[in-house]
Each structure stands twice: as structure tokens, then as C-alpha cells.
Ligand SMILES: NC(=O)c1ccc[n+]([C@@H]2O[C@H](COP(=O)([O-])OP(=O)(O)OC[C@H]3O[C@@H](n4cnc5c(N)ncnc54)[C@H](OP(=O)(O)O)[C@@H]3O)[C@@H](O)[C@H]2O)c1
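Only one chain is given next, in C-alpha cells, and it is the form predicted alone.
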Amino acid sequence: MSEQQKIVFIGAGNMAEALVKGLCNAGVPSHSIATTDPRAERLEYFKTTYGVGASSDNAEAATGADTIVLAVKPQHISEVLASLRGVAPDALYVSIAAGIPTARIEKELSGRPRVVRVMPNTPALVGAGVSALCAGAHATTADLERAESLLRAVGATVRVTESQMDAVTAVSGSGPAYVFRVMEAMEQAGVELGLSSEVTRELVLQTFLGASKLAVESGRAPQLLREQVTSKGGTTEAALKVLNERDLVGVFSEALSAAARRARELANGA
């Protein structure tokens, strides 16, 4: 992001904090960043911790903004958009409000607002997230690039079409929870095999960290990496045989389909 741009975060929750922290660490001056929130304690926290502007008045904070990040819960989006209507017609709106289509944001802001919709995930809180972005009807390639530069402060980015956002939600938006659930299962199994909970947790956490790092840095497909560690007749093959017999692929396919289906329902107000 340019140091000359004014960036306003509407909502001061965890994801907003991750982005503010990432921008500050990337060298964006705190005086060019502002946050809004109805909670006085969150505003004070942002001012004290990051030195950014803080206000309970959305319209006042957004006046003159170059980029407005909608970091609010979906159920509050209409109220927030009403408070911003006509305030900053030339601003780029970056929405991380889960499940809210760009067309709805455009309609409720009125005019021809430039909107980029984003689906981040919680590892952004430690700078290791991945965010999928799609452009609204009036957003340009330059707008996508600006939004990407914002989100890269907390991890990687990919571009998708809006019709693919429900699938993104199922894969990466909800994805960390699947990983944590597998971690839980491995920890429980390790304890049942006689390891202490402390030792098991360290083994599991470092195994996931190392495997992910190896996959990212090697550039090899997960299938190839799996095959390289699976010796014929060995322990890994014995374990994978059980997972395959229990139809692990089918379970994940069904689970992600359920998540995508629920994302569509939430987008429709269900």
C-alpha cells in the first residue's frame, strides 16, 4: 500500500487487527490508518497498541479515505453500508464480511462503488494466511492489485471469480478448523499409545509445521511427497491403508460440499 493512502477499517475485530499489524510491520505509517468500532475499549486498544486513528463514527473516519475495509460481521453489513453511503464515493471498498456478495454492497452503497470481496482465513493472525479475492462489477485490475497489496501483509493471495467464493470458503476459509480437528485426533491417538499429552502435542504441532513447510518450499505435489515417505510394507503404508479403507477422500469431499452449501445458504440470508 502507498504511504500516502488513507486506509480505514470499519470494525476492529481480530482480522482487522491482523491487517493493521501487518501494514504497520510493512512500514505503512500509523497516521494513514484509522479504525472504527462501537466498542470504546477496542478503539483505545488500537490507539495504544498501533498508534492508529480510532473513532466510533464510520462516516467521519471514512471521509477522504482511499481504501475502506469492511471488517464487520455479516449481520451488521446493512447498517454499516447505510452509514457510509455517499461518504467516500471514490474509495475502494475491500470487504472481508463473510458471505456478502459484491452486488449487495454495490446496491446498498448506491452509485458505482468499486468493491473487492475477500475471503481470508485465521492464520492471517500470525502472518501466514491465504486470501482469495474477486472483483465487483466496477472494480478494476488496479483495484485488485491494491487489495492484494493490503492482504499480502498477512499472507498469500489468489484471485478467483465470485462464483467460486463458496468453494474457497469450504477449502481455505473453514480449512484451518479441519487441520485443527486432525491435530486433535492425532493427539488423542498418541496419548492412547502411551505418550504424554505434552510430548504428543509437540510431535503433532511440529509434524504439521514441518510437513507444510516442506510442501511449500519443495514445490512438489502432496501426492509425490506422500509417496516418498511411504515405504512398501512399512508403518506409513499400514496407517494410510486404514485411512483409505475408511474413505478419507470421500469424507473430505462430503465435508467440503457441506461447507460450500452452507456458505451459499448464508449468502442468501438463511
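Quantities reported herein were computed from a predicted structural model and do not represent experimental measurements. Numbering starts at 1 and follows the sequence shown.
Beyond what is shown, the protein has a form predicted in complex with this ligand; the following relates to that form.
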{"query": "Partner-facing stretch of 148 to 156, 68 to 76, 194 to 202, 177 to 185, counted where any non-hydrogen atom is within 4.5 angstroms of this ligand in the predicted complex", "finding": "68 to 76"}
{"query": "Sole residue of 220, 39, 47, 213 within 4.5 Å of this ligand in the predicted complex, by heavy atom", "finding": "39"}
{"query": "Contacting member of 134, 92, 96, 109, with respect to this ligand in the predicted complex [4.5 Å, heavy atom]", "finding": "96"}
{"query": "Contact flag, residue 164 vs this ligand in the predicted complex, heavy atom cut 4.5 Å", "finding": "no"}
{"query": "Residue 119, heavy atom within 4.5 angstroms of this ligand in the predicted complex", "finding": "yes"}
{"query": "4.5 angstroms heavy atom contact with this ligand in the predicted complex for residue 253", "finding": "no"}
{"query": "Residue 257, heavy atom within 4.5 angstroms of this ligand in the predicted complex", "finding": "no"}
{"query": "Within 4.5 Å of this ligand in the predicted complex, all of 10, 14 and 80 (non-hydrogen atom)", "finding": "yes"}
